[in-house]
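The chain below stands alone and is given in structure tokens; this is the form predicted alone.
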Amino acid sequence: MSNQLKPAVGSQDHVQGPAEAAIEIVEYGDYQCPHCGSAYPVIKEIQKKFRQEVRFVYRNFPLAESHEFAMPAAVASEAAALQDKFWEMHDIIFENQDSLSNEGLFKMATEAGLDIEKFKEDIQKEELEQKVESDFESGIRSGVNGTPSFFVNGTKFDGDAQDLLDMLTENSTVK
């Protein structure tokens, strides 16, 4: 089984942080996964602590058979991306994970400042579901078998978000 990220981060990805960062973290996540919800504040802590050293990438890996609203949430985040608000929607969904529902996603879209009429149209677009499926398939090719799964500089990280924070802290001059 592969443990290398396939494909490498590209223009289709949602990225935060400097392009020249020494550390690139890719998360495969599911917006309804409780473990991903627990990882979210740890990832935020990593981004805050290692601001200039870390580049963070999020790829959708909705476990639709286990989580009814994982796919709609992933599509909603991609619809938000069409209005340049992917990260706002990403954060709001994780911060309100207990409110996930079709109605809840519209409330979150409003909170993210999206044009709701455009959002309503965009979430119907097949290309957004295809983008999510493409992320999912890249996860399968990369050896993802659960969420959250992390890759550090292209190699699968064997641990959770706290393990990742601990490893970065141990190996950094930033304390």
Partner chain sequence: MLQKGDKAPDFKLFATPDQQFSLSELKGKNVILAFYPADWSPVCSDQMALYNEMLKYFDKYNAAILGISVDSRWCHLAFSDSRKLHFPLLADFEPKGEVSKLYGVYDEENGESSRALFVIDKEGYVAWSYLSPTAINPGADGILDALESITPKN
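Note that the structure is predicted; figures quoted are calculated from it, not measured. Positions refer to the first chain, counted from 1.
What comes next is about the form predicted together with the partner chain, which does not appear here.
- The partner chain in the predicted bound form comes within 4.5 Å of a heavy atom belonging to Val144.
- By the criterion of a heavy atom within 4.5 Å, Glu65 is counted among the residues contacting the partner chain in the predicted bound form.
- Proximity of Phe61 to the partner chain in the predicted bound form falls within the 4.5 Å heavy atom cutoff.
- In the predicted bound form, at least one heavy atom of Glu137 sits within 4.5 Å of the partner chain.
- Listed stretches are 39 to 47, 144 to 152, 106 to 114, 120 to 128; the contact stretch with the partner chain in the predicted bound form is 144 to 152, by a heavy atom cutoff of 4.5 Å.
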